[in-house]
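The chain that follows stands alone, in the form predicted on its own, written as structure tokens.
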């Protein structure tokens, strides 16, 4: 097991800055997830760690060693790719043990390590099959098993669940996280799916436009988003963000008066409210015109408009209004977030 450090790491492609000033320390045995939209720099960061992309500036450390210029094959890391990268002409057992074969490990040891790793991910019965005979979930397990058998210092995952159907993804992410906890191996995981990030990570690195927006535990990011990007990206559904008006030092939004704030209002503001914080109540001061109701089991997502802003509320099915209704809604005062309308940073006012 090992620790990893990114020190002011930067990556440029011609004049395009893909990653800018990445500073991050990953503790021994920690599971860190990079999350963000396509093109945000998360995969490039992972590939620089793996040695598959050169670092333009900065350093990457593995324990006490600077590995910034070290070839990928010498970094003692194992990567699980998005497409699994299995050799079609090899059996599952041969795929799993291929890296050990290249190292010159004796056949008997390879067979033993392959069997042990396969049993760990419950694919021991598949060792004689070819990749074409496997389902997507089975291929994903083989790819993970191939990483395990190498006993690396760091596991690297590049969106390994993106090709699976939703139900299988839920199962697979639980299996990967449980396996990582059992092995205790430092792991770096990349995904565009914030639910994967929230359910798997010890800490999450949220990225946008090549820059880190916030680093923290899933609870930290959910309860204390640093800016509107993080607030709108983390959560399912994401936080509602609505404009605020300020007149004579008083704030107003969503038909609700927030009182006078005096000198604390430096710029125009936006308000943030989590969908699950909203409650419908006849005597509430705010009004919402309901345009859509989606049933998601015991709960409903209620979409509509209030004071010119689009909103979504997450409520129990019995509390959901009907489409076309104009209903009152409210939320707790301590569930209100304020953001700078210019740069999006969180305000404490």
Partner chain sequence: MLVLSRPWRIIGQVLLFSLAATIVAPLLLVVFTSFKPPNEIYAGLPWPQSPTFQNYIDVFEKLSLAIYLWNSIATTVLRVAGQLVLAVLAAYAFARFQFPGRGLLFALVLGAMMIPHQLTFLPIYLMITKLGWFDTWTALIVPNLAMPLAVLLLRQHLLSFPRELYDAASMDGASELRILWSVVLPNLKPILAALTIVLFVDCWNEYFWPLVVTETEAAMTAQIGVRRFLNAEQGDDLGPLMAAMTIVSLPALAVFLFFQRQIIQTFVSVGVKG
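Positions refer to the first chain, counted from 1. Since the structure is predicted, the reported quantities are computational estimates derived from the model, not experimental observations.
Form predicted together with the partner chain: not shown, discussed below.
Only one of 145-153, 120-128, 224-232, 211-219 places residue heavy atoms within 4.5 angstroms of the partner chain in the predicted bound form, namely 145-153. Proximity to the partner chain in the predicted bound form, defined as a heavy atom within 4.5 Å, holds among 103, 116, 181, 107 only for 103. Among residues of the shown chain, residue 85 is one whose heavy atoms approach the partner chain to within 4.5 Å in the predicted bound form. Although the partner is absent here, residue 52 is a contact residue: one of its heavy atoms lies within 4.5 angstroms of the partner chain in the predicted bound form. In the predicted bound form, at least one heavy atom of residue 81 sits within 4.5 Å of the partner chain. In the predicted bound form, the partner chain lies farther than 4.5 Å from every heavy atom of residue 274.
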